[in-house]
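Next up: a single chain in structure tokens, the form predicted alone.
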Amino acid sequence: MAPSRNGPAKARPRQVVNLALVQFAPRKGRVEQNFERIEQVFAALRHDQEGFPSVIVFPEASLSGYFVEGGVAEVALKSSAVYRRLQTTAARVCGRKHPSFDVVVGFYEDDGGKFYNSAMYASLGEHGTVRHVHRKLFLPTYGVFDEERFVSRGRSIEAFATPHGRAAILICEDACHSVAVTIAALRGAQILYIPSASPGRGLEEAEPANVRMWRDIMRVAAAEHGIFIAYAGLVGFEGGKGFTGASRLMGPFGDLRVEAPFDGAAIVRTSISLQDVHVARAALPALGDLESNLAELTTMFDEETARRPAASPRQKR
């Protein structure tokens, strides 16, 4: 099934969304075992006293682990294969008559032999469909990272309709660039999902410095754009590098709603009202101010692009 850019035209958003943010340590390179982890999560949520969530969010590269590097070709999957497996898993755990629910899952994608660091938003159940597949644009090549050697860059940021509001996905470093969040918000996203794999760096007041960095990035981005931001992070170690989960939900006033520990597997639950987005944007109309100046800003971006040298073959990937 091909990804749909904007979802079914008749999707009717519901105002209250029950979220589950999942952080776990995938088995590196073991796709089958990581699908089994997802099945275990579905089973645990089926018996949760809070009821089954509307949307379950998994981290970046959760089907394979992040640092597979030259092994990407061995773990990459077609988006249609990921969707079929998720549907089969949901039916086995929840039953075929279980109400539909949505998932966000990070994976390495094989698109005809071209590989991407991707995240899928899919609805599972009777009315299942792939609503969107986002491909990571900003591929880090500093410190412990060398991602652009092994995967190609995505080329777009889209907002898309879901049964639970209009959404967008950014993968890890994508969201470190404020312009990416701006594009998602301008395209109508009410909820921004960020699957992430963030290795721990530094130490500040008993927590890794990158945990605080992400908290600050999300707080400012959510408040500036009047948007919910749901972040799900990997945990565990790969090649001596430890990931900091700290999965969290930031409200559209930049208010932290819930946050998981940074050092272990967890599922955190919370409910949100999409009405808060309208309230936040009315109280602080920064996004509206941005739209008013969009033509001038676009001209400045065009001018800066014209001043830059032509992209190298590697940059065009």
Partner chain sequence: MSPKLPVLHADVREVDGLALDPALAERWLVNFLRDEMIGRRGIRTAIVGVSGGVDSAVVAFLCAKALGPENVHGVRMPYRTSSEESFRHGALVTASTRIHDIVIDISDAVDGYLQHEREASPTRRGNVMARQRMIVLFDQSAKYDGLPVGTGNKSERLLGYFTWHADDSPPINPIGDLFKTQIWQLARHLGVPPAIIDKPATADLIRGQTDEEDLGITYARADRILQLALMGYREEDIVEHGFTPTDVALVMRRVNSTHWKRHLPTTAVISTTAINEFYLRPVDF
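These figures come from a predicted structure and were not determined experimentally. Numbering follows the first chain given and starts at 1.
Heads up, the form predicted together with the partner chain isn't pictured, but that's what we're talking about next.
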Worksheet item: Using 4.5 Å between non-hydrogen atoms, is E207 touching the partner chain in the predicted bound form?
Response: yes
Practice prompt. Verify the contact flag for G242: yes if a non-hydrogen atom of it lies within 4.5 Å of a non-hydrogen atom of the partner chain in the predicted bound form, no if not.
Written response: yes
Worksheet item: At the 4.5 Å heavy atom threshold, is V75 in contact with the partner chain in the predicted bound form?
Response: yes
Discussion item. Residue-level question: is R149 within 4.5 Å of the partner chain in the predicted bound form, judged on heavy atoms?
Written reply: yes
Practice prompt. Could you tell me which of 258 to 266, 48 to 56, 286 to 294, 273 to 281 sits within 4.5 Å of the partner chain in the predicted bound form, going by non-hydrogen atoms?
Written response: 258 to 266
Item to complete: Identify whether the partner chain in the predicted bound form is within 4.5 Å of every residue in the set D102, V179 and R219, based on non-hydrogen atoms.
Response: no
Worksheet item: in the predicted bound form, which residues of 60 to 93 put a heavy atom within 4.5 Å of the partner chain?
Response: F67, V68, E69, G70, G71, E74, V75
